[in-house]
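Starting off, we have a lone chain in the form predicted on its own, written out as structure tokens.
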Amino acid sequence: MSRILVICEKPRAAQRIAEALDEGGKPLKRRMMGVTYYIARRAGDELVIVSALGHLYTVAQRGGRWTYPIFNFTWVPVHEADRRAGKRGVFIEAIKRLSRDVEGYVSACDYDIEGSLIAYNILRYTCGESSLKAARRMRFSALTRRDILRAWENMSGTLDFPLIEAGRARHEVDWLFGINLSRALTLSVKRASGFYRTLSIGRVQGPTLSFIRDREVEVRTFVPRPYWVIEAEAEIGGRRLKVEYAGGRIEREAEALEIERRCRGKVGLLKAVSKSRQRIQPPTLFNLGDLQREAYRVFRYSPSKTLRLAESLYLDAYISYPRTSSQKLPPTIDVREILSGLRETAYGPLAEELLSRKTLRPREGRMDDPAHPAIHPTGVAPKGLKGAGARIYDLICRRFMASLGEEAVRERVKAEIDVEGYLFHLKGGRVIEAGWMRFYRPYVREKEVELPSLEEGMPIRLLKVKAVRRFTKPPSRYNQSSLLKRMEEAEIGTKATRAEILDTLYRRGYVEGDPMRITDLGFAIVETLSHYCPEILSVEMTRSLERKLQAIQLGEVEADKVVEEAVEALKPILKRFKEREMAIGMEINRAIRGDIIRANTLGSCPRCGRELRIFRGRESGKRFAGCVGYFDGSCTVTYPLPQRGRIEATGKRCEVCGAPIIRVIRRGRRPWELCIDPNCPSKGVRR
């Protein structure tokens, strides 16, 4: 009997893998130093199954001061680099003890760059270099018992070293860019002004922020041009229906008014009616980007929230691995078996209908992923699923079934109406064969406008004709969905990191709102860097690095060579940054100061009309609100403030006393609003 250590990525995955591999389905549950692990029996072997908490090791600076440039690094336990991660140190010690007296090792982490690297680092640094030669690799795309057993029976005899090397190089390159550029920004401000604020920028963060800045410039510099449209309605069969002027936009007001004058209240003649049929293909299967964009469209969920929910569904074995670029399903995935599982859920009737067909082939997209298939339900019936997780699961299930559906057929009707020599169009349509749409409701975009019976030569009276002035509009600001798509098109970031980059931009205060507006601080950083160090914002440089990192995974280039090239690319950038450090720091500091003033401004003083800001007492250190004239004695208006939580201005004034209303945000509690005046009767009323 051999004793084998099986390393998983997360505790929930470890439990599922243990239950699947134990021949009795009931592995022994044990704890060591507060870390749960499992003992399973299989084919005479004892399997010790334990999980990590994601990455237990990370890249860190090797000696030296908090400065830049820094090119000396090493891999260390995460808890040594971040004191807040102390729990990871306990996992490392527990795994080290469990690894004693084992004859074999298995990596059962998620099959991707991150999962492969997590297991490799644990084996190398916790279990010892010799464990790498004795380690094997399980590869699975779902945490069902069927998939886990198949992965165990067909595991590779070695670790997936090309994937590991690609992951190692990516972490090292990202660390080199992130630590050096972020420190350069932070220290430039500190050395130029004496003011400290943590700033960050990276090889993906920079170009992404530049996209937002460029779009903001387009919006702000856009000059609207007037044009006119004809809004018209006609009465047909007792119904009021919109009709469109065939000439579209009109550039001259006089022409628009002439059309209005000649057509108002007139009876037109229906000249022609044409009908056409449009065959609408089923939607393709979801990859991660598709799922994130669709969840944003129908639920307004951020990409990071969608990924978080999808990962939870994966750990519960309800869906396949979500971090995939693929829009394809390999033949090894049994579609009928999945549908048979869905037959036992609320999707029973729809699944039954699909199962009655002789052939079932999903509509696939062009994108592929060598590691994982498109996102799909596993057929495992969910238990107690509700809220946002249930919505994402419903979206994935319906998309999967819709991809197996038949073409939908939509009939489009277009009628031409002649009114005093001017042509108007009446358009409508209806779905005559729902096909795949029945499986994807309520997420189908199609809207029906069914028209009454129409015959050529019939008279049609216009009830309304009006020339309306409008203006051309600037391009839309990016929202989280469209920016994610822009990053994909530019080939920067990865399917796993793009959502995290967007969260960082918000967290650093570079952008706000949705659609995304770049703040003055974000604008200043892009403007300053584009002037002094434009390479930091370069899409081309970032894309080139991404392709080299992918080449490592394919075995076409060595990881160390790519890391060396990254260092050589950074050296001249940081040299120029250092030379211009004071100028860069002063420019960014001006934006930071303005940002602080805006964040601390709560409204106008009810007595003198000047600004009310947040201050701190010189002796007590407690914060309070006061008029800007408080310290020079010109206005003595002050108000006490809550000492815990973040305070934001709402832009509203109290209806009772006229003082500003503030919002107090405390972790773990719902935000609440209150009048700033403690003597106001509305004080403490939640709004």
Partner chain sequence: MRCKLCWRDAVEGEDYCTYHLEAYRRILEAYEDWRRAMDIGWEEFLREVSENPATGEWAREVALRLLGEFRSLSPSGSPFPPSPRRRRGTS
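Residue numbers count along the first chain shown, from 1. These numbers come from a predicted model, not from an experiment.
Just so you know, the form predicted in complex with its partner chain exists too; it's not on screen, but the next bit is about it.
- Of the heavy atoms in residue 219, some are within 4.5 Å of its partner chain in the predicted bound form.
- In the predicted bound form, no heavy atom of residue 407 sits within 4.5 Å of its partner chain.
- Although the partner is absent here, residue 591 sits close enough that one of its heavy atoms falls within 4.5 Å of its partner chain in the predicted bound form.
- Of the heavy atoms in residue 224, some are within 4.5 Å of its partner chain in the predicted bound form.
- This chain appears without its partner; in the predicted bound form, the one residue of 198, 276, 332, 472 with a heavy atom within 4.5 Å of its partner chain is 472.
- Site annotation in the predicted bound form: the residue of 152, 228, 105, 245 reaching within 4.5 Å of its partner chain with a heavy atom is 228.
- Partner proximity in the predicted bound form, defined as non-hydrogen atoms within 4.5 angstroms of its partner chain, places exactly one of 499-507, 473-481, 288-296, 200-208 at the interface: 473-481.
- With contact defined as any non-hydrogen atom lying within 4.5 angstroms of its partner chain in the predicted bound form, the contacting residues in 501-524 are 517, 520, 523, given in sequence order.
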